[in-house]
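Only one chain is given next, in structure tokens, and it is the form predicted alone.
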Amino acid sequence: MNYQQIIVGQGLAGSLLAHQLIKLNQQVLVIDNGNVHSSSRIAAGMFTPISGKRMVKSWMVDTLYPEVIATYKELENLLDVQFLNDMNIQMSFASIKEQNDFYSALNDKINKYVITETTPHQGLNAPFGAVEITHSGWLNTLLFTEAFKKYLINLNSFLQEQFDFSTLTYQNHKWHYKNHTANSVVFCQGYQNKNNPYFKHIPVIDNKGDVFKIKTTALNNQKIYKRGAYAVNLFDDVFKVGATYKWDNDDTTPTPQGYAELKDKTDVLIDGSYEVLEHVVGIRPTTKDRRPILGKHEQEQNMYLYNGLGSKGVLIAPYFSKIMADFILNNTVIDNEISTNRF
């Protein structure tokens, strides 16, 4: 069958790129192997305008946040599924020093994102007080990717299988994959990029994260709760809690060490009892400079890479998927300030 683009990988990057291309009247084929350890299926999908140990304003957030709300709301209407949770983060301080450092860093750039007068939820461990971060929330990434997969299937635009590079050839100005042809091919494989013979030299760094699913009555569904770890409400009294960060690690096996580290973080976060229902691992595709990777292969015709969204994928994917779609269709220049040239 003939398509205009073949997209390999149906995580956040592949899904949102496919959405933008379909909106531009492109016929796409998305090929995905259903990897359960991709960060798009494991992560809580949080987005926040303030992040990091020093609690600084997130990169490009004034541009990215409006795209987050507009794009995911648009997709909720398209797919008739609710997966965007636009809510404040109630963040407690771990020490007086952390509290002082935070208030000292407040300035005109981040004041609009912070509510300093807040009463900590009784189930949040907050001996040194708390603040709330606005313009925040989380995306149920598993619910979103599964709903978008069904949408693609209905368009005859989805193929679930391990991509077979040996069958990919370029002939007569077309890419051929088995019995499919396309003008271009785009790889959005996350941490599995290391197995891509065309782009494995591109520095996508594996970042392993442990995540719990817990049951507790200590918290509620009104906010995201954070103190080192985060907690988001999935349903009833069930929460997703995470995460750990282990760089250059693609081991998808949950370990006792990972469990112990995350349990310590959960104990610090929650003032109350809880039961661990599940312990899973996801692998984030990150980059050294924390900028996404958007580009074109130096030798191969009409072959592209879109990767490296990392732990902020939910925040940056809507905007950069538009940038990537425009680059593929119109060969527009991508500013190195937003995506360092690694090609």
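Numbers follow the displayed sequence, beginning with 1. Owing to the predicted nature of the structure, the values given are computational and were not obtained by experimental measurement.
Keep in mind the form predicted in complex with a small molecule is missing from the figure; the text below concerns it.
S.K.: How about Pro292: is it within 4.5 Å of the small molecule in the model of the complex, going by heavy atoms?
M.R.: No, no contact at 4.5 Å.
S.K.: Report whether the minimum heavy atom distance between Ala13 and the small molecule in the model of the complex is within 4.5 Å.
M.R.: Because a heavy atom of Ala13 falls inside 4.5 Å of the small molecule in the model of the complex, the answer is yes.
S.K.: Tell me, yes or no, whether Glu161 is in contact with the small molecule in the model of the complex, where a contact means a heavy atom of each within 4.5 Å.
M.R.: So Glu161 counts as contacting the small molecule.
S.K.: Does the small molecule come within 4.5 Å of any heavy atom of Pro49 in the model of the complex?
M.R.: No, Pro49 sits far enough from the small molecule in the model of the complex that none of its heavy atoms falls within 4.5 Å.
S.K.: Given that the small molecule is left out here, which of Ile283, Val61, Leu305, Leu29 has a heavy atom within 4.5 Å of it in the model of the complex?
M.R.: Checking each option against the small molecule in the model of the complex, the one that comes within 4.5 Å is Ile283.
S.K.: With the small molecule left out of view, which of His279, Arg41, Lys296, Lys57 would have a heavy atom within 4.5 Å of it in the model of the complex?
M.R.: For this set of options, the contacting one is Arg41.
S.K.: Counting any heavy atom within 4.5 Å as contact, can you tell me which stretch out of 209 to 217, 117 to 125, 73 to 81, 146 to 154 lines the small molecule in the model of the complex?
M.R.: Contact-bearing stretch, as computed: 209 to 217.
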